[in-house]
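Take a look at this single chain, the form predicted on its own, given in structure tokens.
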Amino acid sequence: MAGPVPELEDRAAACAERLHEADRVLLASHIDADGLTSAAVASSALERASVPFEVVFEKQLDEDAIARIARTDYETVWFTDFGSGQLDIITDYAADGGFTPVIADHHQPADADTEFHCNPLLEGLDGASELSGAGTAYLLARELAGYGPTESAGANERKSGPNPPTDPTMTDGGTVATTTRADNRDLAALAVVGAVGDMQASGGELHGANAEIVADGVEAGVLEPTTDLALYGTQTRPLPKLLEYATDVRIPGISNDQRGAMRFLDGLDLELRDDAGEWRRWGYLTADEQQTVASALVKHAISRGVPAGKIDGLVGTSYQLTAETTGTELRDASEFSTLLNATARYDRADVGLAVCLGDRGGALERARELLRSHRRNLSEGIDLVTTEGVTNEGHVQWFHAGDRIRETIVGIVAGMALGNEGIDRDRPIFAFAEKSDEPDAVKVSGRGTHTLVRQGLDLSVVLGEAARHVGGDGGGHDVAAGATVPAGREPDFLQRADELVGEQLGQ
């Protein structure tokens, strides 16, 4: 079966064959939106191939987590959205514990390898912008589709090992019931949610291998890419809120100005309120109405002196999930990914996975409750950083949140704060937060911009080397990375990180 990414077809096929041969599989994945969608894609593929499996989520795939996995009785472990960067540890435990690792990841690999390893970086593709963890899992899912259901297990049969992982987020796999296809191309929708959630839509759209997966989703009838306003909340936010919160491209008189946004909309010759007088949402406007609002917004931005390059950022590609209801968080890939982040980052990965697998009842309602709390926490975190400011070193800027921002969202806060008053978009930002489960360690997240990456920035290298310099470890992508460092060693970490960024940017 020809896959969408020829460069990785052989690797994906070898991994899929090993998974199909397994009596049962332990599926381990990360807790962000890309990790959740990776797990959902993998779960669905295993379910359809009738391969018994269980799922465990890890906040961080460190040696302790790998040791827990090795202590189970699973002979095959499928790692999604992590594993490549920990292969040196995984291979040691695999040899001692007698399990076979199958890796579907897109992060920088460690200086080790294993037989079943699918990663775009191994074949010259960019894992930060061309293919996400969910996209890599999707390649294996496409190959697994070639096997079809096995004769040895019914479609819903499950087996648990005698010593399953004790992680409270473990859950049995489920079925994506609404759009199932024999070739698994319907899973492209989840892969795209993962890519968008992993900030891979640089320049307003997905590129490279991601674009090929989008094409699969369009062919399967589960995705509809459209040229649209590049604003978050087109499905769920009332129009004034949509414009008021449009801060990626700041428009004087509208951004962060509720009354200004309402005056702008009231000045248009359109019926933008419903019969009850409530503001309509963008997703419910007709194409002509959307065009009128967008054109007026661009004219307003020009009149207020917004640079042409910034105005171009008002328009991008949105990825609509056609099986989902218009006006919900699940219709748009960007809003879907935020909903998922609101689950796993608050220790409820099981809820996010259930939503991915089609639960539109209790799991979706719980996810929405978590999303409301997540938004409050992000808003409070951004206010904290903007109010207290950041400390500037020679080439980087940073803040230490202590225990005031949850470690699982401090990186999101840092990325969203870039460009706010007093926070420079022309240098990377590092955010520190205490780790609730490791009192002697500190989480550090690094965020940059794609412009800085084009100038040579690679935060995966910076955080990895600087963390190891002080006895920690880290990694990730060029534009976003994370690390854990010993508490009290932050100054030494920053000194080394600042040196590395200066070298990368030639400053």
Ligand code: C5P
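Only a predicted model underlies this, so the values are computations on that prediction, with no experimental measurement involved. Sequential numbering from 1, following the sequence displayed.
Just so it is clear, the following notes concern the form predicted together with this ligand, a form of the same protein that is not shown.
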item	value
Of A481, A45, V55, A466, the one that lies within 4.5 Å of this ligand in the model of the complex (heavy atoms)	A481
Contacting member of P101, G197, P120, P240, with respect to this ligand in the model of the complex [4.5 Å, heavy atom]	G197
Proximity of V218 to this ligand in the model of the complex, heavy atoms at 4.5 Å	no
Contact label in the model of the complex: R345 to this ligand, heavy atom within 4.5 Å	yes
Partner proximity in the model of the complex: V306 to this ligand, non-hydrogen atom cutoff 4.5 Å	no
Exercise: S50 in contact with this ligand in the model of the complex, heavy atom 4.5 Å	no
One stretch from 87-95, 333-341, 383-391, 290-298 that, in the model of the complex, holds residues within 4.5 Å of this ligand by heavy atom	333-341
Complete contact of L144, R185 and G358 with this ligand in the model of the complex (any heavy atom, 4.5 Å)	no
Any residue of 462-482 that, in the model of the complex, places a heavy atom within 4.5 Å of this ligand	D473, G474, G475, G476, H477, V479, A480, A481, G482
